[in-house]
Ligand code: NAP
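Here we start with a single chain on its own, the form predicted on its own, put down as structure tokens.
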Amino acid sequence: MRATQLFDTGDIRTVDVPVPEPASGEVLIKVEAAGICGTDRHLYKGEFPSVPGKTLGHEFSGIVVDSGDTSFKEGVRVTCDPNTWCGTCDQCQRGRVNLCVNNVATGIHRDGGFAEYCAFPASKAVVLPAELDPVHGAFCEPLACTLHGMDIGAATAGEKILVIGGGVIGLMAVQIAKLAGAEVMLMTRSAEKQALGLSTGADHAVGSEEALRDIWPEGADLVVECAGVSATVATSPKLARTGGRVVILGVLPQGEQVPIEPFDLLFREVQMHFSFLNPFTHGRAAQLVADGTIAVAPLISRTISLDDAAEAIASPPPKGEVRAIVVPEKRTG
């Protein structure tokens, strides 16, 4: 089979490898769709730790074709929660499973979904409806991460919520905030993404702090940073109103530092939080995608073949792109 693997920093290739055999407790999944995440590009650049020689891809779904010794039925569609917690470390025992010191992340520590087939722990597979568009299943993992961040932010009806960043996480955060009954603003310099944000539920879409202040002079009750850019992380607390809160969902390269003014945070009592992974949210995400509560079709910028995946990960995303989806059955040309 074909699989896109990261061999070293800057060395990503789609190669021929054997079809994996599921170990005890695993199922074999024929991958239908896998999303290219910003984390995949961080891995390629060496900005995020990983294990060399592994197949990338942690946002994927597919069909169970070999159930092994599990209770899964062959032929069912599943979405794959990529994080396997140990359950025994101190963090797991405290319920903070996303901070598990022994976490095994599919697509980082073990082979992932940029492949024709993937052997995957049955305990982390969530069944999706047979009638669901196969490409939509690839959005469950990013939605699960977004849900965790929005849970931390605890949006309530009537609040003013600013979402920074018009990528897939930001546009999902817009929809979740709107479902909470908030007044929602999307901040992104991309005119295309501003329009997409408005079409998916945002009440306002702006490209600068000045434009935000024209509408909300005091700032936002909740700022959700989804861009993963040092400048927007640094600006986020300034855009929160006095007594407001900030949640950082965007991922910056390991080692990058951002200036923050503690005096301002203290005297305005602005709470600053960070959100990591998807603890106990993948099932909720799967349901929201399956019943169409969260619209994912508008977030699909393009579908590409597995043979085009390496180049797509190694290259900056095209202007206006939200999410590229790798479809293994698709052929180049």
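Just so we're clear, the structure is a prediction, and the values are computed from it rather than from any experiment. Just count from 1 along the sequence shown to find any residue number.
Below, we turn to the form predicted in complex with this ligand, even though it does not appear here.
Chemist: Would you please decide whether Thr200 lies within 4.5 angstroms of this ligand in the model of the complex, comparing each non-hydrogen atom pair?
Modeler: No.
Chemist: Spell out, yes or no, whether the shortest heavy atom distance between Cys80 and this ligand in the model of the complex is within 4.5 Å.
Modeler: Output for Cys80 is no: heavy atoms all beyond 4.5 Å of this ligand.
Chemist: Does Ser275 make contact with this ligand in the model of the complex, using a 4.5 Å heavy atom cut-off?
Modeler: Yes, Ser275 lies within 4.5 Å of this ligand in the model of the complex.
Chemist: Would you classify Gly166 as touching this ligand in the model of the complex, given a 4.5 Å non-hydrogen atom cut-off?
Modeler: Judged by the heavy-atom cut-off of 4.5 Å, Gly166 is in contact with this ligand in the model of the complex.
Chemist: Would all three of Cys145, Lys193 and Val229 be in contact with this ligand in the model of the complex, where contact means some heavy atom lies within 4.5 Å?
Modeler: Every residue of the candidate spot has a heavy atom within 4.5 Å of this ligand in the model of the complex.
Chemist: Identify which of Val251, Ala180, Val126, Ala119 has a heavy atom within 4.5 Å of this ligand in the model of the complex; exactly one of them does.
Modeler: Going through each option in turn, the one that passes is Val251.
Chemist: State the residue from Lys73, Arg96, Arg213, Arg189 whose non-hydrogen atoms include one within 4.5 Å of this ligand in the model of the complex.
Modeler: Exactly one residue meets the criterion: Arg189.
Chemist: What stretch, of 104-112, 129-137, 221-229, 151-159, brings heavy atoms to within 4.5 Å of this ligand in the model of the complex?
Modeler: Flagged stretch: 221-229.
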